[in-house]
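Okay, so here's just one chain, in structure tokens, the form predicted on its own.
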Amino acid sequence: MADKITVGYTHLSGCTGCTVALADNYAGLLTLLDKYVDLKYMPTLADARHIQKVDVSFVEGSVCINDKLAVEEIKETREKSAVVVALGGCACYGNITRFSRGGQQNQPGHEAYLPIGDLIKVDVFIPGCAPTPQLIRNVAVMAYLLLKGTKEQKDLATAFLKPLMAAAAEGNSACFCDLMTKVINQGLCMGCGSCAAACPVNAITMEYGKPQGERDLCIKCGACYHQCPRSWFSFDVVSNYEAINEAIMAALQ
């Protein structure tokens, strides 16, 4: 039995799509829970619902600042976690919840939402709406190797997680405008269409080999920018790609 890391899962305001993406790992999720992860709390998968002290906390959803309990939960999550991971567009950037105006029949008092990074320090971003199951799985494996692995495994985990940590350090806003200013306007776009494929609301279309964004449809989830291979290029990952992939696959055997 491996020396497991302790993990918690804080669920705030969101659609639960990130939980579905996590569950879509199927056998990979079972392997993680069996060999590497001691899941201390999670509303849908664990009996314990109260926040506990853990090595890594995954946070899904944004924070409703009209909800005192939600604000207290995210602060408690930070206090009791060595590493906080923002999982999905809502936790990273606010996503569709930024457009909430209140007055909804089921939650009439909930009208203002913020990404978790506006209230606490976040160590790692896993962007997307929802993130791919494989990325969630890989981050979990690399978190284990970073905390419990050999020196070589820790070096590979550091290389893999570095871009995700850099994304957390960049700030709590990302949209097609970032893709335009940081990639397209720099002459870096190669017309691959990854951004259009990643957009959950079809706000991006490919016109004559270049992406075009519809501002009125954009929900600012950051999926397009972070899906772009030119925004994510990392020498640390590229130079260690085969070794990183082998380490992940070996861990899941």
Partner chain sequence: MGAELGIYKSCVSARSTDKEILKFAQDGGIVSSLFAYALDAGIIDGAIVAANKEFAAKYPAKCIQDSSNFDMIEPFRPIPAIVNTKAELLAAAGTKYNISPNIALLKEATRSFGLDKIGIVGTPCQMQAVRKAQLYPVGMRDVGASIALAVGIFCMENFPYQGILQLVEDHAAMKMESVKKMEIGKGKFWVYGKRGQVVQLPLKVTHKYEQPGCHVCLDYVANLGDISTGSVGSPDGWSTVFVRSKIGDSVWAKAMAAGCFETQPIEKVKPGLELVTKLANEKISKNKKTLEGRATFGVGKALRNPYI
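Residue numbers count along the first chain shown, from 1. Under this definition, the rigid core comprises the largest set of C-alpha atoms superposing within 1.5 Å between the forms. In this text the structure is predicted, and so the values were computed from the model without any measurement.
Just so you know, the form predicted in complex with its partner chain exists too; it's not on screen, but the next bit is about it.
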property	result
In the predicted complex, the residue from 174, 164, 140, 84 that sits within 4.5 Å of its partner chain by heavy atoms	164
In the predicted complex, the one of 196, 65, 218, 33 near its partner chain [non-hydrogen atom within 4.5 angstroms]	196
Contact of residue 100 with its partner chain in the predicted complex (heavy atom, 4.5 Å)	no
Contact of residue 50 with its partner chain in the predicted complex (heavy atom, 4.5 Å)	no
Heavy atom of residue 133 within 4.5 Å of its partner chain in the predicted complex	yes
Its partner chain contact at residue 12 in the predicted complex, heavy atom, 4.5 Å	no
Proximity to its partner chain in the predicted complex (heavy atom, within 4.5 Å), stretch among 111 to 119, 124 to 132, 145 to 153, 72 to 80	124 to 132
Residues within 4.5 Å of its partner chain in the predicted complex, restricted to 164 to 185 and counted by heavy atom	164, 182, 183
Residue 202 C-alpha shift between the shown form and the other one of 2 Å or more, rigid core reference	yes
Core-aligned C-alpha movement of residue 240 between the shown form and the other one reaching 2 Å	yes
C-alpha of residue 69 off by 2 Å or more between the shown form and the other one on rigid core	no
